[in-house]
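The chain below stands alone, shown as structure tokens; this is the form predicted alone.
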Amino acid sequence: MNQTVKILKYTARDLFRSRILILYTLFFMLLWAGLFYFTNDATKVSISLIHVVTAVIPLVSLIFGTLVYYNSSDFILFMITQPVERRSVYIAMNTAVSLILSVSLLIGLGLPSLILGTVSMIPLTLLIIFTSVLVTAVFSNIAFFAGAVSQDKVRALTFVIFIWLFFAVMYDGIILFITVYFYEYPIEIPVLIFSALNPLDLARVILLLHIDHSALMGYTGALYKSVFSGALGMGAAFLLLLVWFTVPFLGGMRVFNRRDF
């Protein structure tokens, strides 16, 4: 545990100097302020923010996590030659990436909401931040899994970008095709299963269920609302997101421990 904490502190301190984090934080601060400038309607601001959050956060987490993994290859090689468990190196570096990106989100989303928001927005803002942090951790784990599996940086970057395109763009098209082509069949359960295979869809459902804006929930959101109650549906989606956090993390650590450097 001490080894993990020491590596985590060193990695986090080094990554905090990155200019990407400053730009990342400023992006969300300016976005929050810009949305409030154009409208004071908390629901409209939140809906706009939800769509941006579920598109930008996974992309940044995937690319940043992959770049950190490969740019730290010399450090990783040095650490595994020391009397340090490989598991400690992997956990510390993965956690450091998720941690600093989450801190940027806390500042970028939390500070403007404190200054410009209202008391009634606090529960939704906290839910958006919590969900965003969980999505960050999920896709950081996927990035490190890609790095552990492939020794080629370009191949790993290509893979994570494809993952983002698949979950953010292509997946909704596949769900739409299934619902249109098989509309005569009882497809509610298969669609719920398919939605569980997309962490972005789960995050979107969680946030839109809280707002209860049925017009924007889409087919999967409406299914969650009809099959589960609001709170039960959010709980089920959160549990599935935790599965998405656990599986890539454990899989990446397993590959990392067995990898021949």
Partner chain sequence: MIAISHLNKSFGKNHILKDISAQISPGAITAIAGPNGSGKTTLMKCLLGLLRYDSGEVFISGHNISLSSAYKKETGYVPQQSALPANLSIEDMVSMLMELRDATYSRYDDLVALLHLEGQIQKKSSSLSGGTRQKAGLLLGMLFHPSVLILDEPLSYLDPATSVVVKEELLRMKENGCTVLLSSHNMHEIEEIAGQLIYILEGRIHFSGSPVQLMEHHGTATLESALSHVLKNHYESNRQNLKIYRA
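Residue numbers count along the first chain shown, from 1. Here the structure is a predicted model, which means the values were calculated and not measured.
Just so you know, the form predicted together with the partner chain exists too; it's not on screen, but the next bit is about it.
In the predicted complex, no heavy atom of residue 153 sits within 4.5 Å of the partner chain.
At a distance threshold of 4.5 angstroms between non-hydrogen atoms, residue 162 is out of contact with the partner chain in the predicted complex. The partner chain in the predicted complex is approached by residue 79, whose closest heavy atom lies within 4.5 angstroms of it. Using a 4.5 angstroms threshold between heavy atoms, residue 10 counts as touching the partner chain in the predicted complex. Although the partner chain is omitted here, in the predicted complex all of 3, 6 and 86 have a heavy atom within 4.5 Å of it. Heavy atoms within 4.5 Å of the partner chain in the predicted complex map, among the stretches 101-109, 68-76, 130-138, 167-175, onto 68-76 alone.
Taking a 4.5 Å heavy atom cutoff to the partner chain in the predicted complex, none of the residues in 155-182 make contact.
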